[in-house]
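Take a look at this single chain in structure tokens; it is the form predicted on its own.
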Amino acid sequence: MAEPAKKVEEKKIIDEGLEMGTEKLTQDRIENVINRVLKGESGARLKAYVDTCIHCGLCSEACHYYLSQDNDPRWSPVGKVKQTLWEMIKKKGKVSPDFIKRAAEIASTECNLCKRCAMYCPFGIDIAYMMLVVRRINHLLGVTPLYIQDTAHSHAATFNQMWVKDDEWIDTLQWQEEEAQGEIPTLRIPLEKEGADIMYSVIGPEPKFQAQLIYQAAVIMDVAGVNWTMPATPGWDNSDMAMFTGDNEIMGRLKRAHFETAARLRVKKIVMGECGHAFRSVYDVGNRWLGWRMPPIPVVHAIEFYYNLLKEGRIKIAKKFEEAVTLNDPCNVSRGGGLHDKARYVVNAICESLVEMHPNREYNYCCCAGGGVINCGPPYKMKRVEGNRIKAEQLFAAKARGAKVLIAPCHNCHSGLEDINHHYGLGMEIKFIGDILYEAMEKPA
């Protein structure tokens, strides 16, 4: 296998959401919305970032887009802010409809909100927050990429991103319970059990496309003797594409439903599956939009949950996974949630050999799928994949040192890395931590 090649010439992308939204704009509406957000929603935080930035460009080398686009300054984090928010501020909202369309494309498809750049900024400026402000303006103007806007509509109508109906959700849980009983006859997936220690929460794609992950979680819970439950009502899906479109009102509705479901069941904490953006939405964004500094009910990511089960001896390993693995650190749980060392404890407990990527932990490169970018859909697939050549080179180096399996404890990472894997011909198998833990753990005879 050859080292990943450089990108080919980019084709023009036509996005109906951007095109049709732009056609409806007027100069007055653009100016009013921009000033409404800048004066009424952003406040001192944005002013501090704008006034503090000295345009030094130290954030550039942190960005996978910049590195993968041959150090083109337009792709640097500060370059993206200059092309969008700074122009809006400088011109006091007097920008054109075509400017708004281009700003939407930059903010939604050329930045993953991964926050790696903030780690290299000498002042800690959070450019991800600034790009979210741009997305918020675009949402209020009705100029959002079509595919992710459709997903936000699904959230609004059904409280889950996959339009899973209430009876389909319950049927899927019963189906996975029956499947798991073939392995452990006494196993149950308790629905609506009040007073349980844990409410287990997943994202919409699991019952729709990856129901085996619910099966595996049920086996892990049963073997560990966990007192747990899952809700039968809306509020079970912890994913949140509205957070990434700038639709803060829908985001707030989703998070309130999620926490109110857990409160109704009187659980002690929420344990969520291996998802990064959903974790971010319940501990960092959605909860704060609702006025909670911290979640009203503690939220534990699957990585920390597995860590605790192994540390406490509630899960024992029968045989470690033999093939050498490498670990992708998801932005929202490693850089954002500080779970990188616990992830390594779990991986080392269940795998014979861990080959580290470089850089790793909180400095690892983004998968280029999170931040809502992959949810902007097929029109932007090649832009996204070619925009992360640096990640392919990082994986290529890990494979050269023996790694055969890539562990990605996040759904968006999983999907984005699959695209990189196929496009660059890496030939790596991609797994969740739960996939390997389920295989390696001791189970009843």
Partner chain sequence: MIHFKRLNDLLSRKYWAPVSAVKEHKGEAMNTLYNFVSGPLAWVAFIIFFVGCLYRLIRILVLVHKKEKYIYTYMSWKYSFRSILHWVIPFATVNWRKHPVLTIVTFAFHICLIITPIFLLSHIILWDESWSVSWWSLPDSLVQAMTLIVIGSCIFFLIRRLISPEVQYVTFASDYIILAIVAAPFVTGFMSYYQWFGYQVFTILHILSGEIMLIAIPFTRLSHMLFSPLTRAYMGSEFGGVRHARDW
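Numbering follows the first chain given and starts at 1. Here the structure is a predicted model, which means the values were calculated and not measured.
Missing here is the form predicted in complex with the partner chain; even so, the following discussion is about that form.
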Heavy atoms within 4.5 Å of the partner chain in the predicted complex: which of the stretches 416-424, 23-31, 47-55, 398-406 has them?
47-55
Taking 4.5 angstroms as the cut-off for heavy atoms, does residue 92 touch the partner chain in the predicted complex?
no
So in the predicted complex, does residue 61 come within 4.5 Å of the partner chain, heavy atom to heavy atom?
yes
Please check if residue 335 has a heavy atom lying within 4.5 Å of any heavy atom of the partner chain in the predicted complex.
yes
Exercise: residue 253 in contact with the partner chain in the predicted complex, heavy atom 4.5 Å
no
The partner chain: the contacting residue among 272, 121, 226, 214 in the predicted complex [heavy atom, 4.5 Å]:
121
Just one of 159, 283, 99, 259 has a heavy atom within 4.5 Å of the partner chain in the predicted complex. Which one?
283
Let me know which residues along 56-85 have a heavy atom within 4.5 Å of the partner chain in the predicted complex, or say none if there are none.
56, 57, 58, 60, 61, 66, 73, 74, 78, 79, 82, 83
